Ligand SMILES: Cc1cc2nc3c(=O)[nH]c(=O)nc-3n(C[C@H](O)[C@H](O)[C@H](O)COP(=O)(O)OP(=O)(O)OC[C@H]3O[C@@H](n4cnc5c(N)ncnc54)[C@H](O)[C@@H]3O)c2cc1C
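Okay, here we've got a single chain as structure tokens, the form predicted on its own, with questions on binding and movement later.
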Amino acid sequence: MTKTTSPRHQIVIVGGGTAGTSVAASLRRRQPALDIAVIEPSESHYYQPAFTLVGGGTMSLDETARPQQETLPEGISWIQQAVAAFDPKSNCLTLDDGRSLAYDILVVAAGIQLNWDQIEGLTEALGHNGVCSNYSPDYAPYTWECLRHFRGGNAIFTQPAPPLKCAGAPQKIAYLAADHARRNGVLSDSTFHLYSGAGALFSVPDFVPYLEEVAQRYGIGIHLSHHLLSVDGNQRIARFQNTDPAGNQDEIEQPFDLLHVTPPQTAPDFIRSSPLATSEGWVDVHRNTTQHNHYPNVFALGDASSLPTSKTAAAVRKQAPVTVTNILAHLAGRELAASYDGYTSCPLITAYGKVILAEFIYDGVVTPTLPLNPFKESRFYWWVKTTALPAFYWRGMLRGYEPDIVHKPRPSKASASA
């Protein structure tokens, strides 16, 4: 593996995270002679789905990280830079250091941008006075410190309006924190609240009643359409804007002893300002083929794409094989036959040792992989979340292995009483 730049590569992949690395590895496995470059500035690769486990104290941060060079496939060129701009009409892009790089095929897998600064006072407050977040490796270990030392009081968990990556994560840590407080005998001395900028507890309605039951079990108050405006870490006060169904707005202040914040999120700025983007800022691709709607030699997947599904690693697991198959078809001049159906999943941790595995495709259709009740809390899925999925990620997904089990649509929750 080299860290050099050549003026042109057959395939250029922007992003060395889950999506970019999976595509690079799969391409290399299927056609080893391909000339592939991955543009990624980071030195470390993190298994981000485990940040909730770090914050919950069941996994160390070191277990979620690998050196970037070890995770990228052999035989590709690693360009350790960031992208400044795209010029898809000329089939080239510009790196942060001013160099230009041309391509035959461009794959954009640059992830999502966390906008901590959009919340007044948050950057200064993080990591102190009970203000934590599992959305960064810099702060996830502090979440566990906050949970370990929580002796009762007011615990607040926030979620911005969508889109965001792993939209279930803000409530996962709320359930873990409440369960930890219960196990330590301080739940009755505490108040737990989830303030969400969304209009529903979860994007797939079939799962909402079951998650509401979990929240009620812990006494967690659910406050929808509440946007976090500011954090005063020294005074331990969070300020929210509430929008009622009629569109009226007011502001409230809430004191806290523990505050877990999920930051607002957008597509990266260099994508939002590019010709590749939709009006909302995401790379404009076909929802089934992942091919750009205007530039046929451009593909995108993962969090940076406009694919109308939840932004999770599980979604990437299904998107990557489709993208690779269609890239190879495009190179060969064939029709793009592979189709992505919107599959994603979210292992919703509801307690230490229990998970509801939400699996669904486009239009919120529930599609379990295994013949188990998808709405029931399961110890088996806890093992899947904590053991099976991390192992598959490092040893399978990032190495281009693509085993699959077919997910099948099931009737709505009314017939899921088994």
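Position 1 is the first residue in the sequence shown; the rest follow in order. Source: prediction; values computed, not measured.
There is also a form predicted in complex with the named molecule; it is not shown, and the following applies to it.
Peer 1: I'd like to check something about residue 203: if you look in the predicted complex, is any of its heavy atoms closer than or equal to 4.5 Å to a heavy atom of the named molecule?
Peer 2: Although the named molecule is absent here, residue 203 would stay clear of it in the predicted complex, with no heavy atoms inside 4.5 Å.
Peer 1: Using a 4.5 Å heavy atom cut-off, state whether residue 26 contacts the named molecule in the predicted complex.
Peer 2: Although the named molecule is absent here, residue 26 would stay clear of it in the predicted complex, with no heavy atoms inside 4.5 Å.
Peer 1: Is residue 52 a contact residue for the named molecule in the predicted complex, using a 4.5 Å heavy atom cut-off?
Peer 2: Heavy-atom contact with the named molecule at 4.5 Å: present for residue 52.
Peer 1: Classify residue 111 as contacting or not contacting the named molecule in the predicted complex by the rule of any non-hydrogen atom within 4.5 angstroms, answering yes or no.
Peer 2: Residue 111: contacts the named molecule in the predicted complex.
Peer 1: If the cut-off is 4.5 angstroms on heavy atoms, which of these, 345, 326, 309, 158, is the one near the named molecule in the predicted complex?
Peer 2: For this set of options, the contacting one is 345.
Peer 1: Taking the named molecule in the predicted complex as the reference, which of 139, 270, 218, 103 has a non-hydrogen atom within 4.5 Å?
Peer 2: Looking at the other structure, the residue within range turns out to be 270.
Peer 1: Tell me which of 286-294, 224-232, 159-167, 249-257 has residues with heavy atoms within 4.5 angstroms of the named molecule in the predicted complex?
Peer 2: Contact-bearing stretch, as computed: 159-167.
Peer 1: When the named molecule is placed as it is in the predicted complex, are 14, 18 and 83 each within 4.5 Å of it, taking any non-hydrogen atom of the residue?
Peer 2: So, yes: the whole triplet contacts the named molecule.
Peer 1: Which residues from 23-53 come close to the named molecule in the predicted complex, meaning a heavy atom within 4.5 Å?
Peer 2: Sequence-ordered list: 39, 40, 41, 42, 48, 49, 51, 52.
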